[in-house]
Ligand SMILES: Nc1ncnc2c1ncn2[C@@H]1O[C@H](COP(=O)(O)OP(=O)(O)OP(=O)(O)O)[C@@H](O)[C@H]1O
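What follows is one chain in structure tokens, specifically the form predicted alone.
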Amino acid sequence: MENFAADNSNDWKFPREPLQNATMQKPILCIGATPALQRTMEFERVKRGEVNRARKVTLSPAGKAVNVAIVLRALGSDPMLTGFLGGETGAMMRNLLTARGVTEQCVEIPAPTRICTTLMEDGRNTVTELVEEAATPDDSEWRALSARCRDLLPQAASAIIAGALPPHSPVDIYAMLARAAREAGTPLLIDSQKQPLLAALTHAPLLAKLNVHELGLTFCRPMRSRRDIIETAQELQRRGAQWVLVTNGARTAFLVGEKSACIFTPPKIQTVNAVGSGDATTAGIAAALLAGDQMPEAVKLGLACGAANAMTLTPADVNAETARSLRAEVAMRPA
């Protein structure tokens, strides 16, 4: 396939040089309907059917869009978070976000923000996730979030939609938000899957991002080979995404544009907890694009941020210097 330098297919483009100060002061809008209060519990061993006493418990703000916003702040960008928060857990989330320096304009709802739990065991390279489903907003709450996004999108340098929708949500929600972003002239990155993602592609997001498993679920077909992955990603691109990134944890990632495709190898690290690494990847890409990088180079920083996240105990606890040093270890080659 052609070299990336020849790929001029992007409808929305960030300039090659860093943006001017006025633009750099604009926030990156992070949109997510399913934030969570994250409890990371550390054990010597977890024994099923028995009483297990945690050695340590760490509380942190989480959920895909929340993780993206926190990593953006760590990288020196200015995130603005919106979504739904409610109840005492929502109030705790607000306090934790403030402590992390993340500005939020979330919609208040009666339902309490969910709690998700990560179980860590000493000496074992396994992580057990206990995930509480988010409450499904009603029509008035969705309308309130849509109005909030329409107000915020024209003020944003770019926007990120991250995460699956709550159960039984309208599948066209992301499509409506993508349309609003396009009408505002705001470049959009979307990290989702299945019908909500496919519906949003009509409005030509700058990047559609998902992992190999999600790609298979979206098209109801197995991803048995690199060819399967690349050809299916190209189908997403033909449906409207300007770029498609398919990740696979610590393994190979694939970037597809209109005229080119490329394979990335993430850096080798000692993994502690990979939860949130996909979100850190999204944040790194958005930060690099805003700084003037083209998409392939931005993906390098994204994968470096994902690796840096996996080296830490709690999601989104990314060290910016570590991420930038790992960027040089990300290998890229044509597909």
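Everything numeric here is computed off the predicted structure, so don't read it as measured data. All residue numbers are counted from 1 along the displayed sequence.
The next section is about a form of this same protein that is not shown, the form predicted together with the named molecule.
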| said: Considering non-hydrogen atoms and a 4.5 Å limit, does the named molecule approach residue 211 in the model of the complex? | reply: yes
Quiz item: Is there a non-hydrogen atom of residue 306 within 4.5 angstroms of a non-hydrogen atom of the named molecule in the model of the complex?
Solution: yes
(message) When the contact criterion is heavy atoms within 4.5 Å, does residue 52 count as touching the named molecule in the model of the complex?
(response) no
Requested in this report: Verify the contact flag for residue 41: yes if a non-hydrogen atom of it lies within 4.5 Å of a non-hydrogen atom of the named molecule in the model of the complex, no if not.
Outcome: no
Of the candidate stretches 27 to 35, 290 to 298, 53 to 61, 277 to 285, the one with residues having heavy atoms within 4.5 Å of the named molecule in the model of the complex is 277 to 285
Answer key: of 146, 248, 195, 136, within 4.5 Å of the named molecule in the model of the complex (heavy atoms) is 248
When the named molecule is considered in the model of the complex, the residues of 229 to 243 having a heavy atom within 4.5 Å of it are none
